[in-house]
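Single chain ahead, by itself, as structure tokens, in the form predicted on its own.
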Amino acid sequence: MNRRGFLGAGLAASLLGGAAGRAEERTPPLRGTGSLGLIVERATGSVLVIETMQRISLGRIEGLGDLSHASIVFSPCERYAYVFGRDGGLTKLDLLEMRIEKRIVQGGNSIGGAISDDGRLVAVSNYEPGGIKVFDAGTLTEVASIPAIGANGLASKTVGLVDLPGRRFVYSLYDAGEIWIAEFGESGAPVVTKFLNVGLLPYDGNVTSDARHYLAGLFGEDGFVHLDLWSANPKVERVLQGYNAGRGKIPVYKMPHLEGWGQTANDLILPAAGQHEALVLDLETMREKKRIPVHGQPIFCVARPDGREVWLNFGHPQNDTVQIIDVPTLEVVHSFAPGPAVLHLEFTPRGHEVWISVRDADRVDVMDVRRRTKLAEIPAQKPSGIFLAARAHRLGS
């Protein structure tokens, strides 16, 4: 080989080696997905990718639009997350590569979403133009659009969208006062079952972990509406009616959430809209069991994974505090104040730690659940929701 050829070969090898080095640098390290999660940074349209075993942030993904009321679901493999933004954006994230896989704007104002039990369909619940849209989870190609036109002939916002076994989604129509179930076969149009006149202004909904009980809170009246989905002929039933009767209703600055509700054994612990109380519903009898006085108006009532405790955060202006309800006694046993504007909390899968977003302190606290001590702080930009990939295996999350 002449000198020129030798130099050319050497240069090529050098370039190839450099390219290989750069490719190697870009390759994410091998890691599992079970301890990964996301923290929503609502003010900046970004999310932090977190690793719960090490209690660290791995990096930030930007460009997700309006995340002022964002929610997230995960694929069954836990690698992909689907972010539902307030601007109608639906964004598919790759957690391992920490990047946007695909993003579309499917509506004008969306309020949440769900993924089917087989992981193949992603449904989005919309305020504008109302109704739900369903997409292929792999490509985000639209599969179906179901307008929410109630029996009154008017378009309605949709809320309380969750998945059910059998490629089904259940959700509530806020303006129409209805609950619909959409069932998707392997082909053809979805089959929609409608329950009319369920109550005034259903504002949120969720399903129990056994996929039996769907409940929606009613903002236009005191109470909840219940469907027993195990029944051969499910019927609408009102429960916890009149819990504000004879009492003044406090202003509601932030709507309570039923996502992550306090399901423990045979009870549900629910936030009371308009009262400083948590309501206990007996799932065997569907009757009120107790009202628990608490620090403020509850927003989230989140059960520890073993069901032994329920942790609560609160709406403005009492939103600096977290309280813990002991389930056997149904009493508040501990209160503490993490900081200004506690917006969300999420337990690790076995419940040994809880991650708490403290929005106005720009951080997330990691706490030892049993010792009630802080283990770590994660800096974040106006954090709100915390979502862990292990949620992929929980119904109604």
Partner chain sequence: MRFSVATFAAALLASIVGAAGQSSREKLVSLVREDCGSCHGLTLKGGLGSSLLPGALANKDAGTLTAIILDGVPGTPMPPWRGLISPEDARWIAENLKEGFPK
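Numbering follows the first chain given and starts at 1. Just so it is clear, the structure is predicted and the values come from calculations on it, not from any experiment.
What comes next is about the form predicted in complex with its partner chain, which is not displayed.
None of 348 to 356, 324 to 332, 66 to 74, 31 to 39 except one has non-hydrogen atoms within 4.5 angstroms of its partner chain in the model of the complex; the exception is 66 to 74.
Residues 127, 157 and 252 are all found to lie within 4.5 Å of its partner chain in the model of the complex, as judged by heavy atom distances. Under a 4.5 angstroms non-hydrogen atom cutoff, its partner chain in the model of the complex has residue 340 among its neighbouring residues. Although the partner is absent from this view, residue 316 contacts its partner chain in the model of the complex, with a non-hydrogen atom inside 4.5 angstroms. Proximity of residue 194 to its partner chain in the model of the complex falls outside the 4.5 Å heavy atom cutoff.
In the model of the complex, its partner chain lies within 4.5 Å of some heavy atom of residue 108. When its partner chain is considered in the model of the complex, only one residue from 100, 143, 211, 201 comes within 4.5 Å through any heavy atom, namely 201. The contact with its partner chain in the model of the complex, taken as any heavy atom within 4.5 Å, belongs to 87 out of 94, 183, 87, 288. Heavy atoms closer than or equal to 4.5 Å to its partner chain in the model of the complex belong, across 213 to 246, to one residue only: 219.
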